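Form predicted alone, single chain, as structure tokens, below.
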Amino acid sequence: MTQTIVDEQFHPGTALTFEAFRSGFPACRNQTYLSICDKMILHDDVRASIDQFLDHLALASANRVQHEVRVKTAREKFARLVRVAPETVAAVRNVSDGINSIAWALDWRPGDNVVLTADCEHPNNIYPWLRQKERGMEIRVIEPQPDGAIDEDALIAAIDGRTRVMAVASATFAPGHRSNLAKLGEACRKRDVFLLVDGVQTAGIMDHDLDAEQVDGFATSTSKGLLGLYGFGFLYVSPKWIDRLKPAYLSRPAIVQKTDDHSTMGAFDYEYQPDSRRFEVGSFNLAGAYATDASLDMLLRLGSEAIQKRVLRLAGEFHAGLCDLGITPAVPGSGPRQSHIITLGAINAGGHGFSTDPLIQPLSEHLAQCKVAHTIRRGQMRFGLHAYNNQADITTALDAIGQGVKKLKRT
């Protein structure tokens, strides 16, 4: 039965099915695309929105203020997706931009510390904190659990009176376990610790309620599950913290202005924006805003709860099929740790794009021949699902993997 989600606020009287959504992705017509954890693919409506922006440039048919309406509506739609107020969201360039914005905005004191699990994080959620060591900050690195998931209890136990930040990923970079943000959020809120989340792997795919999860900061790019472009993203900052954060960089968008004249300086005794806009710097990536405004429109019409339900069901079936082939994925096929990411092979048996695991490298070459898109990260084969994937994709991938395993056994 086709599942239909109706969005009365954004598109009165319209509906979007998962089948109709899938039909707009050219990449799904000539391959089995299971690699959203690597990068997005463009929907026809997203490309049309980018083309509209380029037409405006070519024809000089819109001014800067008219273009920036798309920044505003994209912000509002992302806020609705993660169930927060629009003014708590800033338009930034990417996850790195968002994380560094928070790292430099906090009033550090020598001896303060940040708690994280380095082995589970992308390097871009580690280097900003290494840089803060020069300001006297301590980095407390907590070991992951044996299966590669973060250890929430150990992270919480590492907090003391000098802990200012806990930095985690919503789904670990490797192998891809979901983190219990609500548990961490509750612990951090009680101790006045800023919970900063790298949300790029789950934004647009998993259902988030940042208020309920008690997340203080959430940084994401639109280049993965939000199905936009590189170079555009969002930073959510909780109102509970905004008055304690002073941005390292300042430009006109971050300052309260009493005029719409973009060239007006205003008073020297400037005032920060009272909300997350204080973290917006310079001109916006307008092409990214146009793209994301269109992609978020579709994600909202599908509904984040429905997307998560569909993706986890498909991931569970993929997991079960792999187990039937004698391959046990690193991320569970059900339960709170399950995500849209499925990884195979030994972690750290190799690196970016290569593996020393005897199964992974030859199997990857076979899947490439079968046009099943995937990646190898830290030596593991990695798949990622989104709302455009369907049962046929899972069947095709499992058939190709089964053929590849048989070929390996013969050789």
Ligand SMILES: Cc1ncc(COP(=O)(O)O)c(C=O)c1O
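Sequential numbering from 1, following the sequence displayed. Treat the numbers as computed from the prediction; the structure is a model and nothing was measured.
Below, we refer to the form predicted together with this ligand, which is not included among the displayed structures.
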- Task: Work out which of the listed stretches, 315-323, 119-127, 208-216, 268-276, brings a heavy atom within 4.5 angstroms of this ligand in the predicted bound form.
- Result: 119-127
- Task: Answer yes if any heavy atom of K224 is within 4.5 Å of a heavy atom of this ligand in the predicted bound form; otherwise answer no.
- Result: yes
- Message: Does any part of V95 reach within 4.5 Å of this ligand in the predicted bound form? Heavy atoms only, please.
- Response: yes
- Contact test in the predicted bound form: Q201 vs this ligand, heavy atoms, 4.5 Å: yes
- Message: Considering non-hydrogen atoms and a 4.5 Å limit, does this ligand approach F284 in the predicted bound form?
- Response: no
- Using a 4.5 Å cut-off on heavy atoms, which residues of 151-188 contact this ligand in the predicted bound form? F173
